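Read the single chain below, which is given as structure tokens and is the form predicted on its own.
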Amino acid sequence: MRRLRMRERGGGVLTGHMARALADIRENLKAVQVVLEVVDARIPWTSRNPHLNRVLGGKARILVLNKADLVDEDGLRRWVACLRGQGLAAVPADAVTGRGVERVLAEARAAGGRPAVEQSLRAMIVGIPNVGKSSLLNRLAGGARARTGARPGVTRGKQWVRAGDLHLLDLPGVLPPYLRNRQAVAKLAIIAAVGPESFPAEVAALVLIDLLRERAPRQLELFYGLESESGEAAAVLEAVGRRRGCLAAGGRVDAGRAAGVVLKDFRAGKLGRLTLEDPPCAAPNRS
């Protein structure tokens, strides 16, 4: 993996870009009554940036578990129950179909309290790359107001967007992911929160295969029409590559192309609805 320039602060990894993003959030915090923190429901813990806790302090916050349509119902219920048990207003949603978005609005109004007379409720949307932050803003606003894309840094400029009685603040750029360890970075690469220049797609696909075989043992074989694979993840990736015609000269499997196939299928929900991590109900304080 490409070596990242980091410095340690308070026990966590803080990049220069992350520090600027956090400063931007802090600077605009007084302009809003509530914060909508968007995470990916498939990795709700890993796709959160714990540095936000220090920045947001006691500001009212709604934790939006976006892409909930890609998660199994039982896993989603356990995550919501666990997070709410920790005092977080967790709301599952799907910004693409609109499922749960009205609940997000209702929770935001309740958490933000009644604003001043003739003044709209103001909210800030924050989140790491590719969790659907701009898609949620567009859904809340009822139209394409913010640019979206499956890559970091699509949002370019600070903007206020109106959604009924709610004013939404979308800040330039997105909060970078919190790089805890190799397994966490692999999960972030699986959902495309970090790009292949930071974590190789082939390695991310191998980690994903191991996770899928642990959490849904037969799903890969059933979807790709494979024989039962009991070997290493690399053998499964090669088998997928052969089935999908990801071949290089001489009939050798192009592992990079095969990895792209597996990652794309998972991101589209074709490999089943599931979470890649269990709710850490006894998780340590991350402030």
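Worth saying up front: this structure is predicted, and the values here are computed from it rather than measured. So that there is no doubt, residue numbering starts at 1 and follows the sequence shown.
Here the subject shifts to the form predicted in complex with a small molecule, a form of this protein not shown in this document.
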property: Per-stretch contact check against the small molecule in the predicted bound form, the hit in 74 to 82, 122 to 130, 204 to 212, 175 to 183 (non-hydrogen atom, 4.5 angstroms); result: 122 to 130
property: Interface residue in the predicted bound form among Leu140, Ala93, Ala108, Leu188, criterion: non-hydrogen atom within 4.5 angstroms of the small molecule; result: Ala93
property: Among the candidates Leu52, Leu70, Ala255, Val240, the residue which, in the predicted bound form, approaches the small molecule to within 4.5 Å (heavy atoms); result: Leu70
property: is_contact(Asn66, the small molecule) in the predicted bound form, heavy atom dist at most 4.5 Å; result: yes
